[in-house]
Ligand code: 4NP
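Just one chain follows, in the form predicted alone, and it is written as structure tokens.
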């Protein structure tokens, strides 16, 4: 299973989501590849934001080796599923993808917990450190649910 986590710059939310889901998949014995990308190119090649790294480290995760990359239309062919962190990110993905957009292979991350509520993972970029902790907790809960749903659906 190949999963892509997408936010705007690929330095705050999606690197956390990549690290959290990969760790949970590994811990569950799932052979998943989790990556992340951003819909704007402002930070391509950069490591995750220092506060995303700090919050991840506080939870025993090292995301420092990740590097920001752009979301591209071909990602719909490369990945089994794509999680957008927010509705504005989903809009960017639709625009970038054009005809490659596949609604069956994409969803808002928080829909795994709150189906149809269109809850965004807020972008902590401009705020202080507590916002990064809030974002971590939201992403962690959603990733735990992704693992639970996958295990349930394959062990029925």
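This one's a predicted model, so the numbers in the text were calculated from it and none came from an experiment. Numbering follows the first chain given and starts at 1.
This protein has a second form, the form predicted together with ligand 4NP, left out of what is shown; the following refers to that one.
Engineer: Within 4.5 Å, heavy atoms only: does residue 125 come near ligand 4NP in the model of the complex?
Structural biologist: Although ligand 4NP is absent here, residue 125 would touch it in the model of the complex, with heavy atoms inside 4.5 Å.
Engineer: Mark residue 11 yes when one of its heavy atoms lies within 4.5 Å of a heavy atom of ligand 4NP in the model of the complex, and no otherwise.
Structural biologist: Judged by the heavy-atom cut-off of 4.5 Å, residue 11 is in contact with ligand 4NP in the model of the complex.
Engineer: Looking in the model of the complex, any heavy atom of residue 4 within 4.5 Å of ligand 4NP?
Structural biologist: Result no; residue 4 lies far from ligand 4NP in the model of the complex.
Engineer: Answer yes if any heavy atom of residue 69 is within 4.5 Å of a heavy atom of ligand 4NP in the model of the complex; otherwise answer no.
Structural biologist: Heavy-atom contact with ligand 4NP at 4.5 Å: absent for residue 69.
Engineer: Mind telling me which stretch in 57 to 65, 22 to 30, 106 to 114, 38 to 46 gets its heavy atoms within 4.5 Å of ligand 4NP in the model of the complex?
Structural biologist: Every other range fails; the passing one is 38 to 46.
Engineer: Does anything in 81 to 98 come within 4.5 Å of ligand 4NP in the model of the complex by heavy atoms, and if so which residues, in order?
Structural biologist: The stretch 81 to 98, when checked against ligand 4NP in the model of the complex, contributes no residue at the 4.5 Å heavy-atom cut-off.
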